[in-house]
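As structure tokens, one chain now follows by itself in the form predicted on its own.
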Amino acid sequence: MNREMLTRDIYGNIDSVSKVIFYILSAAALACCAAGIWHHVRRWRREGRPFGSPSSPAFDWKGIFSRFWTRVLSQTALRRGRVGAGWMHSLLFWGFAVLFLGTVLVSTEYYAATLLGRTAGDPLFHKGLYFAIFECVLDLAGLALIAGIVWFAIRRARGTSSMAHQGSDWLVIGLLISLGITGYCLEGGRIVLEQTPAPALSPVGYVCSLPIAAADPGPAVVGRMHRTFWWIHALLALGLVAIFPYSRLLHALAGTVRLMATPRALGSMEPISIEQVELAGFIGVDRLEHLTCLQRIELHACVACGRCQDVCPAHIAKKPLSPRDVVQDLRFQLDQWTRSADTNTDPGAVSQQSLCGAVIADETLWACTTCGACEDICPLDVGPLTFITDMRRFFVGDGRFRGAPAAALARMQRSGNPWGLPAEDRLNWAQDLDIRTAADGGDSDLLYWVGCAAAYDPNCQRIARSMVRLLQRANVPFTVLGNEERCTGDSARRMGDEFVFQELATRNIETLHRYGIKKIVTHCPHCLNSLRNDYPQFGGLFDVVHHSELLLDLIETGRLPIDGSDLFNHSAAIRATYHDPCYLARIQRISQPPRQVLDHLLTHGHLSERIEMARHGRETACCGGGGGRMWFDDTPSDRIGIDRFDEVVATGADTVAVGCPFCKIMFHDAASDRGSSIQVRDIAELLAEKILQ
């Protein structure tokens, strides 16, 4: 066969009147779509809060196109957590994208050829090898689209998803399925009508043509059948275009914008200055106009899939928090505001409604542990946590914060630590240890950041003592700040008191700079996160490592040998499981060093077994102590994260190794409450317990 013969008439069997009607309907559908999109753009661009971070713009234009390829087209984020749903969505997305691109190419061919005066039998580029590839690829793309949407339809009908359902979703599903089916029926009719050469290039269309060819109804009947399917297919396509901005399909536009914007850094929060607050007259978010443009886009990017809800430790613990519902409730309020403005029915009444308390309940805001699971799992980078912490800021700034956590904030400001104990007692844990402070001078390049828990909590003091013994055994010179160290302010910032945090951070940074500190090691992931992510916003640039990273390096470089009989006490080996702290594994992406330290103990017989929990690494489950929840009055049995302790117990391990003092405190309390004999040990404790006294 002559390859040049491979082509088809784009408007074959369609008369001029039908074309005119189609163009009129197309213009109407596009106008309807454009009006809807403009309606949303206006609501997104309504005056937002007048401050943000100039150093952290919403759009980094240099990387915007690379993010389109890596974050939008790849669809990789969708395949985390829900592998089946992720792949089916990818099929649906890629199928729809290829079919849309095919429509653009066909339109380009038709109008370009018309402008150049070419006839239907003399196409510009829609012929030959290009045509063969085009037909085959689009045929398979249609199959991918149908497979994806049918899978979602079955899943939705069975109710096996935590996705929030809307009646209009079935309209979209029906349109997409019908669009795919009628497209193949149309193709089958065209193949029979035009006796298309090499029909097998469109395998599905060819299969659809076989029953028509077998029935042999005659050219006139096939022509009418083809025109009927053409119109049905065209009307379905135009209908889909028209309803796009008024349905859940809008997430494709809003989500693409969000994914092309600057990625959200887990563990980071935007700083706010006193001057900004004085100018604005408020801090945080309590009104719709306080939201930024990008936050409003996020509200419409959210498709209410429920992934965030499924991994939220507060929701799992049956606390009144669903990250999905927080976003959807705010979106509903935003829609109400815009609708009121469009109909002139006092939009001010809607916009002035308090979000903190009236729309989002107080208990919902304070149930969050700021573990970051919701933001990390979201394939569209929607930030429920950002909305929560912004509203917490307003709540605290408005003077509405009460109870034990408010008292902890007051203690941080007054005493420099949430325990409220004197700064002079901060080094009591090390009275019998030979430790130099930074004030003592010396040539040490390393500062050990002890943190409040290890300084004041008797159970956590063992971590610091173990760490000191290990550093001394490895002949690593180091100093501590001692009485000059203050809380990093992590809990204060996550609870919403930005200025207590800034007061603590500024003082710590000044102290560190005064002693010329460059490198810091800490066993607390919350301190690690503040020193790495928060302090650089205020000029505190330090090289900060978690103690597991340093210990692993000391072991692997031979400075801390673990295989010598003179070094270790070969007591009974233990079965251990390791719990990943959220702020370490998820937010800082540090999950292997602690395991490698334990594996060295395992290799040399100091552990009999290391058992991995189902939820580990980046997918870890929260202990319930983050985001200020450590300072709430919940009984151990009512705390968030008790399910995680049950998971620990279910492994059958006799020891749970941790890399965070908050996790140690929460698990220790849970073990006491449950009467469990399981031991809770920091990895530094496990390592040091083997060293001869």
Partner chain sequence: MKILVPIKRVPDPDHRIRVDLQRIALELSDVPHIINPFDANALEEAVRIREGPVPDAEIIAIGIGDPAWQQELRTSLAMGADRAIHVGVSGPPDPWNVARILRAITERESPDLVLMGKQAVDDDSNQAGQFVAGLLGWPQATFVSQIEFIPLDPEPSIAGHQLRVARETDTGIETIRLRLPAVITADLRLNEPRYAALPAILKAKRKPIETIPLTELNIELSPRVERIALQEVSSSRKCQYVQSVDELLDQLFLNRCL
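Everything quoted here is computed from the prediction, not taken from an experiment. Residue numbers count along the first chain shown, from 1.
Here the subject shifts to the form predicted in complex with its partner chain, a form of this protein not shown in this document.
- Of the stretches 353-361, 278-286, 95-103, 153-161, only 278-286 has residues with a heavy atom within 4.5 Å of its partner chain in the model of the complex.
- In the model of the complex, its partner chain sits within 4.5 Å of a heavy atom of E424.
- Within 4.5 Å of any heavy atom of its partner chain in the model of the complex lies no heavy atom of P123.
- Of the heavy atoms in G399, some are within 4.5 Å of its partner chain in the model of the complex.
- Looking at F134, you'd find every heavy atom of it more than 4.5 angstroms from its partner chain in the model of the complex.
- For the residues Q75, S247, T182, S415, the 4.5 Å heavy atom test against its partner chain in the model of the complex is passed only by S415.
- In summary, among the residues L409, A144, A474, I316, the only one with a non-hydrogen atom within 4.5 Å of its partner chain in the model of the complex is L409.
- Heavy atoms closer than or equal to 4.5 Å to its partner chain in the model of the complex belong, across 495-515, to the residues D497, F499, V500, ordered by sequence position.
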